[in-house]
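Quick setup: one chain, the form predicted on its own, written in structure tokens, and binding and motion questions come after.
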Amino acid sequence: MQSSETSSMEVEKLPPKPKFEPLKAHEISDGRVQFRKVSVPPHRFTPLKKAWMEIYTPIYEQMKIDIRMNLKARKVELKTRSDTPDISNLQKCADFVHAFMLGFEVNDALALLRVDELYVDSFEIKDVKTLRGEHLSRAIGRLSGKGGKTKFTIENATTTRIVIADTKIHILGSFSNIKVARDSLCSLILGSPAGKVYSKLRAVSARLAERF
């Protein structure tokens, strides 16, 4: 009986739990400023100039990240501020700028800032099949289709965005959707007719819709 009384007294004597304020982003990194640099390829310099305010505004005002263009180094430089709410914002902004440099529209690339679990996947035609000359040109033509019809169909069925830049292909979307889009594109590169790819795509996208 006595031991239970002493134990209850000990519990009462315990000091109150300390209450810590949540750490700010710059405090997590010991007050050090974090940097990211994104290279600007020559062919994206003019589009970057035109869309600069559309890129600058969400990064500076919403994500609270400093951004500037280094004309000498031809790089977009990003750094954290004292009022940056989350340290991961810096990487999100770097991914957003990088997606724009790959050729995605600003509005499409903005999804990287607003939605988690979005990625950019890149591959080359030669990774799938070694093609040269006219065979390569025809493969690129099959990927786009007449007036970009095939590309748009794959984008709409898989809710992804696709950029075909010469022999490089970039896909923006969620992990499972990227896989479906990549499989369709690979089939087209290997020589499958568009009709066959469409029917397979319809079946897979219906399965995806059922899952979610």
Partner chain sequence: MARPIDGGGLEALHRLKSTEPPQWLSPSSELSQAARIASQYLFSSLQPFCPKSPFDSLLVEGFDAEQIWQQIDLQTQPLVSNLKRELKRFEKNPEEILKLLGEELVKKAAKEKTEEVSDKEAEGFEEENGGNDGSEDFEDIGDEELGSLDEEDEEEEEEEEEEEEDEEEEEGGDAGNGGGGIEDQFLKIKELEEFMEKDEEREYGVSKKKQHNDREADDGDEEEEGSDEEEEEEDDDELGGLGVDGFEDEGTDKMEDARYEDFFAHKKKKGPKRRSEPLDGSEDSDSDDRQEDEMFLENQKKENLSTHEKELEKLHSKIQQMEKANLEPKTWTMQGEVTAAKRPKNSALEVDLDFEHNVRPVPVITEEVTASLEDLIKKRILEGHFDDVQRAPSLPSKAPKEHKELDDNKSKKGLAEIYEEEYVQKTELASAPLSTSDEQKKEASLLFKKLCLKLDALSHFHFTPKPVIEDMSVQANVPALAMEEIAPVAVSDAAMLAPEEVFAGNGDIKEETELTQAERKRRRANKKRKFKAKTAKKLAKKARNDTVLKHSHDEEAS
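Predicted, not measured: the structure shown is a model, and the values here were computed from it. Numbering follows the first chain given and starts at 1.
The same protein also has a form predicted together with the partner chain, omitted here; what follows describes it.
Peer 1: May I ask you to check whether R202 falls inside a 4.5 Å heavy atom distance of the partner chain in the predicted complex?
Peer 2: So R202 counts as contacting the partner chain.
Peer 1: With a cut-off of 4.5 Å between heavy atoms, is D121 one of the residues that contacts the partner chain in the predicted complex?
Peer 2: No, D121 sits far enough from the partner chain in the predicted complex that none of its heavy atoms falls within 4.5 Å.
Peer 1: Does V115 reach the partner chain in the predicted complex if we count a contact as any heavy atom within 4.5 Å?
Peer 2: Residue-level check for V115: yes, a contact with the partner chain.
Peer 1: Could you confirm whether E105 comes within 4.5 Å of the partner chain in the predicted complex, counting heavy atoms only?
Peer 2: Yes - in the predicted complex, heavy atoms of E105 and the partner chain come within 4.5 Å of each other.
Peer 1: Using a 4.5 Å heavy atom cut-off, which stretch among 106-114, 89-97, 76-84, 129-137 contacts the partner chain in the predicted complex?
Peer 2: Only one stretch passes the 4.5 Å heavy-atom test: 106-114.
Peer 1: Could you tell me if all three of Q34, I59 and M63 have a heavy atom no more than 4.5 Å from the partner chain in the predicted complex?
Peer 2: Not a single listed residue reaches the partner chain in the predicted complex, so no.
Peer 1: T46, S39, N156, N70: which sits within 4.5 Å of the partner chain in the predicted complex by any heavy atom?
Peer 2: Among T46, S39, N156, N70, a heavy atom within 4.5 Å of the partner chain in the predicted complex occurs only for N156.
Peer 1: Can you tell me which bits of 157-182 touch the partner chain in the predicted complex, meaning any heavy atom within 4.5 Å?
Peer 2: Sequence-ordered list: A157, T159, T160, R161, L172, G173, S174, N177.
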